[in-house]
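Starting off, we have a lone chain in the form predicted on its own, written out as structure tokens.
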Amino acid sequence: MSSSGWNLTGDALAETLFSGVAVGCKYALVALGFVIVFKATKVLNFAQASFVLVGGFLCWQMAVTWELNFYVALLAAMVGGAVLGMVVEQLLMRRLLGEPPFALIMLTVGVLYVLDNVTTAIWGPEDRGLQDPWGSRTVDLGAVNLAVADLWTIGVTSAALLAFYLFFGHSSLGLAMRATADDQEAALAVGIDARTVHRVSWAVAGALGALAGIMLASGAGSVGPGLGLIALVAFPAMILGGLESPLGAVVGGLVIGMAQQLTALLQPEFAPWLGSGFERVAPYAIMVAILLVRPYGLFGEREVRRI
């Protein structure tokens, strides 16, 4: 207990940690989209935040405006995100194959700004409730109060990660993507089509981005132009875990999510001098600290250079 009489109960800590896991799951979905594209193409795809934004708005359009079943709207929005990812790869990224990586990265930044402005032009600048089935309802687990939206987020993310594992570990296309990511020249030598691998990588990233956008907007969240900016908080999660590690993306997302929620709980009492809203800065502070110790991330592989 501090001099002001503040006391942290076990229930409050449990609720905060659970909320942190749910937030971390959302970040993990975004970070996994970043990692899939980077692992397959060596391109740092800043347009991933736009996939998140477009996915959220697509789900809102179908579930609220067109009054489709929410779960149908969710799946359709993921399909829309996958199509958007393939279009970006086919029409833009493929044209710059072989160009310096910086040019490809700046192209994704351009796509980010274009898509953000297009979504604002279509749907307007105001925030909108997603009207998801779970809403702001809560359930009690003993003395711990849990948000139903958080339970759904953890469940949906777990299902998506299981599907991701089965696809990449047991399907021929998934194995081809892993082979291309590990050694593109060797993959080409055995007849694997790198263009198909790149297209599918962007499609998976688009679908994951759409799912992340829906989860971020559900519950107490909303769909609006700021949704893409929220998604960029997943960038430290990707760096933290390692640019080429899907497992690192998941672990990094969970670490960042829990750290952010714990900071929001503890910082106002123990470090008020850091100012209000420091939890928004905490992910980047953690990223800097990790990079100073492990520049290649927690699960990244050290690059061996011969001199």
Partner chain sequence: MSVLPFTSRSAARGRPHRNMVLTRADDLRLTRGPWRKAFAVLLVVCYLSLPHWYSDASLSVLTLVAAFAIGSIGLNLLVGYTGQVSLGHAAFVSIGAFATSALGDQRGWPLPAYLAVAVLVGLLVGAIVGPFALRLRGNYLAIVTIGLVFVAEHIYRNWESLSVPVRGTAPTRNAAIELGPLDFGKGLQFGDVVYTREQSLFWLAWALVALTALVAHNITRTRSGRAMQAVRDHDLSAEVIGVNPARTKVGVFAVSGAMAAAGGVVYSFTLGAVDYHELSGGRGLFMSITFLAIIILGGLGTIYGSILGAFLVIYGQRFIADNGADAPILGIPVEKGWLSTGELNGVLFGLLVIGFLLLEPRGLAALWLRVRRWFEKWPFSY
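Positions refer to the first chain, counted from 1. Between two forms, the rigid core is defined as the largest C-alpha subset superposing within 1.5 Å. Here the structure is a predicted model, which is why all the values come from computation and not from measurement.
The form predicted together with the partner chain exists for this protein as well; it is not shown, and the discussion that follows is about that form.
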| remark: Only one of 107 to 115, 198 to 206, 68 to 76, 136 to 144 sits within 4.5 Å of the partner chain in the predicted bound form by heavy atom distance, namely 107 to 115
| query | Looking at 87, 159, 232, 220, which has any heavy atom no more than 4.5 Å from the partner chain in the predicted bound form? | reply | 232
| task | Check whether residue 120 has any heavy atom within 4.5 Å of a heavy atom of the partner chain in the predicted bound form, and answer yes or no. | result | yes
| residue 170: heavy atom within 4.5 Å of the partner chain in the predicted bound form? | no
| query | Is residue 296 close to the partner chain in the predicted bound form, meaning a heavy atom pair under 4.5 Å apart or at it? | reply | yes
| request: Look up in the predicted bound form whether residue 248 has a non-hydrogen atom within 4.5 angstroms of the partner chain, and give yes or no. | output: no
| Whether 33, 165 and 258 all lie within 4.5 angstroms of the partner chain in the predicted bound form by heavy atom | no
| message | Given a 4.5 Å distance limit between heavy atoms, list every residue of 14 to 48 close to the partner chain in the predicted bound form, or none if there are none. | response | 38, 44, 46
| query | Superposing on the rigid core, is the CA of residue 100 displaced by 2 Å or more between the shown form and the other one? | reply | yes
| query | Core aligned, does the CA of residue 274 move at least 2 Å between the shown form and the other one? | reply | yes
